[in-house]
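Take a look at this one chain, the form predicted on its own, written out in structure tokens.
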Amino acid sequence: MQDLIRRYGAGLTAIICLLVFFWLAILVVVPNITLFESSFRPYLPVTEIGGPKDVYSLDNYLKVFSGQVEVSPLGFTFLIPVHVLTFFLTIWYSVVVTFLCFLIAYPMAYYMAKVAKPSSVPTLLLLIFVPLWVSEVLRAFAWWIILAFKGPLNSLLLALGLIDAPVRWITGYDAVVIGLIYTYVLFMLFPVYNAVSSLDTNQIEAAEDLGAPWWKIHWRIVLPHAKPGVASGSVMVFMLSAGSLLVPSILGSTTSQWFTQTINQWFNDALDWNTASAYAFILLFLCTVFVALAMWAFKVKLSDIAK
């Protein structure tokens, strides 16, 4: 705060703080408080709102356990609430997306930070930024065209003789995972790149001089140093993937359902904003708990993510 006052003066600093407070209060805090309060109230006709039936309860949250569906993992068959299954599939595939984004982003980040010439890094960053110039909707539709049954990907693979018949890429969660990786991989790349860039190259050279193999250099030197960037990127990719709506809606198949689509159906199809609010807070709370448990398991502190 003292740095802001010294740089901009007391008057301009006060205006900046008021604008930030206004943005947080009006666009973040108040809407969430309103939704949170609505999540405990029943969905009633307008004439009955505020009447004797308009009481607070957990009924909207308990709806997540309604509707049983049969699943058979590992040969064992049992019943599970359909919305609970959708939630766990959303979490699982969000974890898959996060892990695959790391596998893609880490080599790219290391190459730009420690291998590529410094003069070529701005060009590489510009090329990487190009997808962000296009809206998420257009990127998702582009992948829908690419992965279509008679799309360019199947045509290319058939022309090269790699497949004998067209492949249905848009089935299950496959296309959703591909679309989410393409959409959010940069949110993993840049934090990892910033973390690796701050690593002293002399440490890598010393390990090479001592005969350490490349995998041990990355495992013992580069990755521990890049842990804050990996943690920050993982949290962003996971939360954005779990909360995505456009990509699962466009690239999802008839056998895939994202939890945000369920929330959207309560909002727009059933017009039940109370239940939709409850489902939204279930997603927010459980995703936050999952991230906290993952941070505890991997010994990552909140200060590491905030770096």
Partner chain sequence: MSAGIDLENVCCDFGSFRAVDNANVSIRPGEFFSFLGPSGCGKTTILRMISGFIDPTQGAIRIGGKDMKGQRPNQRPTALIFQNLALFPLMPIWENISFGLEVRGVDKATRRAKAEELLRLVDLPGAADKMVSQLSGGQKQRVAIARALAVEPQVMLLDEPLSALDLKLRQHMRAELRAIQKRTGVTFIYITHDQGEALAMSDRVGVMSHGRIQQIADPREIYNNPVNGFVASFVGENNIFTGDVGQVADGIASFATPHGTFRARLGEQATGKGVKLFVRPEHTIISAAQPAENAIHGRVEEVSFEGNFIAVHAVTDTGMKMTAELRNDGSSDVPEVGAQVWMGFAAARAAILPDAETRG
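Owing to the predicted nature of the structure, the values given are computational and were not obtained by experimental measurement. Positions refer to the first chain, counted from 1.
There is another form of this protein, the form predicted in complex with the partner chain, and it is not shown here; the text below is about that form.
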Partner contact for residue 210 in the predicted complex: the partner chain, 4.5 angstroms, heavy atom: yes
Residue contact check: residue 77 to the partner chain in the predicted complex, 4.5 Å heavy atom: no
4.5 angstroms heavy atom contact with the partner chain in the predicted complex for residue 120: no
Contact label in the predicted complex: residue 197 to the partner chain, heavy atom within 4.5 Å: no
Contact segment among 197 to 205, 86 to 94, 129 to 137, 156 to 164, judged by heavy atoms lying within 4.5 Å of the partner chain in the predicted complex: 197 to 205
Contact residue in the predicted complex, chosen from 178, 82, 221, 236 - any heavy atom within 4.5 Å of the partner chain: 221
